[in-house]
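Okay, so here's just one chain, in structure tokens, the form predicted on its own.
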């Protein structure tokens, strides 16, 4: 008896597992469901019958139904004039019909022509009006024949209904709005707006004047319906014959390859797009500007040190230690290492002297210069710190004219918004030679910016601690139809150059601008955070072409 129970229990377990596997097998268009086979053959015990009764039948293949409906209809008729009406007559979803028509058209079994119809649908606000009535009618209904005060009327209605309803009711001359009292001017009104919206909901025709009025109130919106008209194609057949895409070993063994119809190769089809590296817009513009500098005979300065001492960043540029830019609100100072240990002592002494008491024709700033301020480490606020190092190195040997440029990152403690970041890129160019004047600077600027596609320039006097004279650079933006500031420029002061050891007849002309601003203009980007930083959309990098800068 015990053995019989064990056998029955094992048999039941196997049946449940097998049926579980059958249930988990997904229903497929090309594979017959095992459950349906069991049902047809009825080869199961009462136990299996009870389990099968709880399993729903396999779903009908809508795709095959749609295909049979389209091909079968064309077998007896010339054309399906409207796929939408056809889908409604056959009780099949229009999307299924559209998918089948596209597939059959691709295999030339049918010829399909696009149909586009414009129809009007209610907006969410229009739906509310159609359901509850227009605000002007609701407001009119809330006004009793004897009138009502404004305050009482506002309490009875929502603010949005009161605002819209009062405007429309006054426009329709339904009510009179006094200083404190609201009264009716007519005794009865029809809700024409609601009636029109219900007509549109039901697909009825509405006059163009009424459509315009509803559109102005944003109660309806246009919707384009797309469908097809279908005729027999050059390869039409009442039933699509499945074409083979591969010649298999089984086809050769069975010999049925002779009857197979193979799918034609499309040699014009494009393959999968290859994934490759893409240059960031900043890198593209940087490379173009770099090429302009090289064409003009400039050599690049080493800008690999993001950390600088206050001495090279400020003091060597004749920028006083009380200057607002040296405050922690504008500059990132380092905690570790907080100070530098290596500075050229003789040069430091000359810089200290010119700050405190002047020299070289200058009175200086007349304050007590502090070495501990100059020793503080910071994230460089401009690449001019690199220029000061390069000019000092140039002054240590026999003088030779030089043209230097740099394009690299700088850091400032600024509030982040659509036009400012705490880190950005600065472009800087300088020429060191004898006998240079402001006229040379203006000529070089015209040459440089014309290669960027900016031919209309004008200059405005400005102030910089380390340049005199100084000029702001403006270019006329054809798209914006106005003058836009694009950079700053000037001639380095003698108080900066002569303590380095450069000859007295040597002048340095220089200019600078950001890399981000011209890039944003060239690529039509209005928020700097979309161009640089962790929020940049990678698709922006992939889809943007190489920029030519108007060359």
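A quick note: this is a predicted structure, and the numbers were derived from the prediction, not measured. Numbering follows the first chain given and starts at 1.
Form predicted together with a small molecule: not shown, discussed below.
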- prompt: Does the small molecule come within 4.5 Å of any heavy atom of residue 477 in the model of the complex?
  reply: yes
In the model of the complex, residue 493 touching the small molecule (heavy atom, 4.5 Å): no
Interface membership of residue 152, the small molecule in the model of the complex, 4.5 Å heavy atom rule: no
- prompt: Applying a 4.5 Å heavy atom distance criterion, does residue 414 contact the small molecule in the model of the complex?
  reply: yes
field: Selected contact from 347, 424, 298, 311, since only one has a non-hydrogen atom within 4.5 angstroms of the small molecule in the model of the complex
entry: 424
- line: With a 4.5 Å heavy atom cut-off to the small molecule in the model of the complex, the contacting stretch among 186 to 194, 83 to 91, 243 to 251, 462 to 470 is 462 to 470
